[in-house]
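Starting off, we have a lone chain in the form predicted on its own, written out as structure tokens.
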Amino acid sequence: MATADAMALRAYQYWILRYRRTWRGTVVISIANPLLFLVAIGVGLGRLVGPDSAALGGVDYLTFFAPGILAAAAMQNGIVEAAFPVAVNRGPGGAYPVAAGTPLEPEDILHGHLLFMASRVALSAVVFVAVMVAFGAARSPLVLLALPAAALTALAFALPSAAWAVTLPDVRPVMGIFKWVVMPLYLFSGTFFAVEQLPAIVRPLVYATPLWHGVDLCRSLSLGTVTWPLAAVHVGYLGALCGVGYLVARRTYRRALHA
């Protein structure tokens, strides 16, 4: 009898085979869009923004902006790789009901898809960091640690998104995520400007957002200004979201897919 790990790998292999036919369509949103943001805002608009010791920490805007958009792109990729595919494939004719009719358990379906999500967000982060280094936007070798930091940020959004999306009757509710979640977090989590520039009354709300933890972690690693106790707080916060999202996903997947 196949072990749970082997069954999850079978589910993972399905997503890999499917991706081999569809990867071109995913390049734009997961890699090209963030890179265009980096070039247009970091390099183009950034030339109009001089280094400001108070707002940018004494670095140029590209160096400040690049790790922020790395984390923000990871958040977006985590949601895109989880919410939309899960909601679509959970419905009639999707991959989930078909897989549920095989010896695969709901946990196997979840684990296989999560492995694929993790692979996708990690690949996108590798490409983005490589471009950051090529543009001279990384100040420290610790930028390599921004790769797992970005992947953790992505999974902190992907796991709760998957846990929620598998309960949906169709994909329509997912459309509101970008309007009500992604865009506000992009604008108010320290991606484009320092949180210290916001009114003091708003900052505690920003510090409570998962994206701020991802942005601050990636930025401090890229700049070489990381303080390890604070980094541990960031990792713990994002890791807790992953853990809670995973536990909820196990329950919602079983309820949605258990025959």
Partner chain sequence: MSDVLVEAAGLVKRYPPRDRHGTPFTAVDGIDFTLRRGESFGFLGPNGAGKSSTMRMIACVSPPTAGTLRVLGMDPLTAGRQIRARLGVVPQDDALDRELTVLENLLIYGRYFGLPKPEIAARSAQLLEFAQLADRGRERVDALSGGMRRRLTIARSLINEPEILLLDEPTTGLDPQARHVLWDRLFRLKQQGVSLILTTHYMDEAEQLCDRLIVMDKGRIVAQGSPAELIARHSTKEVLELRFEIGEQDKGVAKLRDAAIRDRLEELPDRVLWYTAEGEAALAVVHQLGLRPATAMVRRASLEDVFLALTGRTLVD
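Numbering follows the first chain given and starts at 1. Computed from a predicted structure; not experimentally measured.
There is another form of the same protein, the form predicted in complex with its partner chain; it is not shown, and what comes next is about it.
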Is residue 14 close to its partner chain in the predicted bound form, meaning a heavy atom pair under 4.5 Å apart or at it?
yes
Even though the partner isn't displayed, in the predicted bound form is residue 134 close enough to its partner chain, meaning a heavy atom within 4.5 Å?
no
Look up in the predicted bound form whether residue 126 has a non-hydrogen atom within 4.5 angstroms of its partner chain, and give yes or no.
no
Is there a heavy atom of residue 21 no more than 4.5 Å from a heavy atom of its partner chain in the predicted bound form?
yes
Contact stretch among 72 to 80, 88 to 96, 180 to 188, 135 to 143 - heavy atom within 4.5 Å of its partner chain in the predicted bound form:
88 to 96
Of 147, 168, 118, 100, the one that lies within 4.5 Å of its partner chain in the predicted bound form (heavy atoms):
100
Taking 4.5 Å between heavy atoms as the contact cutoff, choose which of 174, 104, 163, 114 touches its partner chain in the predicted bound form.
104
